[in-house]
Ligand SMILES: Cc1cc2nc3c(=O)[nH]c(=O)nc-3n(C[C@H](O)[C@H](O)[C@H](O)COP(=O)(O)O)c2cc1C
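The chain that follows stands alone, in the form predicted on its own, written as structure tokens.
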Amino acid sequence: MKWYKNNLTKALNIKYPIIQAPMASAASIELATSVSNAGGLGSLGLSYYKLENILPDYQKVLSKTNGSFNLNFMTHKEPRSNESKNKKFKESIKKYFEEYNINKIPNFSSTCDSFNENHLELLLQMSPKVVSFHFGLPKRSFLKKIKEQNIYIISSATTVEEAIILEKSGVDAIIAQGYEAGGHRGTFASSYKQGEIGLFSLLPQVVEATSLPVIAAGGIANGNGIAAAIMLGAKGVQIGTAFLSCPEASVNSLWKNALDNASIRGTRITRSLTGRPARGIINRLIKDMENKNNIVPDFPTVGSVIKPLANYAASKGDDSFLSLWAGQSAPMNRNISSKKLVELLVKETTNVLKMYKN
């Protein structure tokens, strides 16, 4: 039996167990459809969408592919208001606004909604093959309705404890998110410190502790990584950073340049860009805010203050305040189309597994 044929690919109705991560800021319609058409599972991250724009984009993807694809939502807790913290954070970034002659620092506001009743109603109307959640799961009554409609449910765990919670809650598959992963940490029931586990330590523990298909995520960029994950018990992989260098991804020139120089710049986990720990390529803000987590307000309010600054600086060619999300394997990125990348990943994985079989 071929390595890519298993209960996960059968359940998702895909040829290859390669899931394109639903990177909310970079996963375009073109990227999702290309990956699905290549035999993987394309994804759209919808948390930053206005509600009225979700259905039109879902229908665009439907019109461009016969394959399955995944819709992703965040399930974060509502931010707490903390005027003291807000004030300290504003004071710490005031110098940047002055540097760019921006007169006023914006007030804090939420930049995205957690999965709610409106999202649920729309999801049930769209009835996609797959839905995934980040930062835990929606409330039980929502999950019950989703399961009744036979929508395949996936969510991320950064510890074994979280994986067990997900299984008991009724998900169909678990993403084991290693510490190497780019973007936001999916931690929801453990402390962030407890979730600082590398993928190849976390993965076999989650496989052993649960009975569900486990999807490996974090630092996987080539066939060697996929083969290693399969050998450790994963039924599939979720890949984000490797797809960022594909022309279909919504990545601006500054982000692309940072990816091309990731081996020099490195990556680091920070709260400074959104209020939640997330891994990105190191820039000025990440450096300056090191060890200042205690003054960073809650997710997702920080972006409302940082984004206007980031956009203005970016218009001047400065990436100092941009969210340059990337995992630790960013230096391994290939500048090829997403279709070619899926094909190459399958070929590499097949060759590696053949070598070890022989």
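Everything numeric here is computed off the predicted structure, so don't read it as measured data. One-based numbering along the sequence shown.
The same protein also has a form predicted in complex with the named molecule, omitted here; what follows describes it.
Residues with any non-hydrogen atom within 4.5 angstroms of the named molecule in the predicted bound form fall in just one of 99-107, 76-84, 142-150, 174-182: 174-182.
Taken together, Gly218, Gln238 and Thr241 are fully in contact with the named molecule in the predicted bound form: each brings a heavy atom within 4.5 Å. Proximity to the named molecule in the predicted bound form, taken as a non-hydrogen atom within 4.5 angstroms, holds for one residue of Phe188, Phe89, Phe115, Trp255, which is Trp255.
Here is the short version: of Asn72, Thr267, Thr159, Ser245, the single residue with a heavy atom within 4.5 Å of the named molecule in the predicted bound form is Asn72. When the named molecule is considered in the predicted bound form, Val342 lies well away from it, no heavy atom lying within 4.5 Å.
Contact annotation: Pro17 falls outside 4.5 Å of the named molecule in the predicted bound form, judged by heavy atom distances. In the predicted bound form, none of the heavy atoms of Leu12 sits within 4.5 Å of a heavy atom of the named molecule. When contacts are judged by a 4.5 Å heavy atom cut-off, Met23 counts as touching the named molecule in the predicted bound form.
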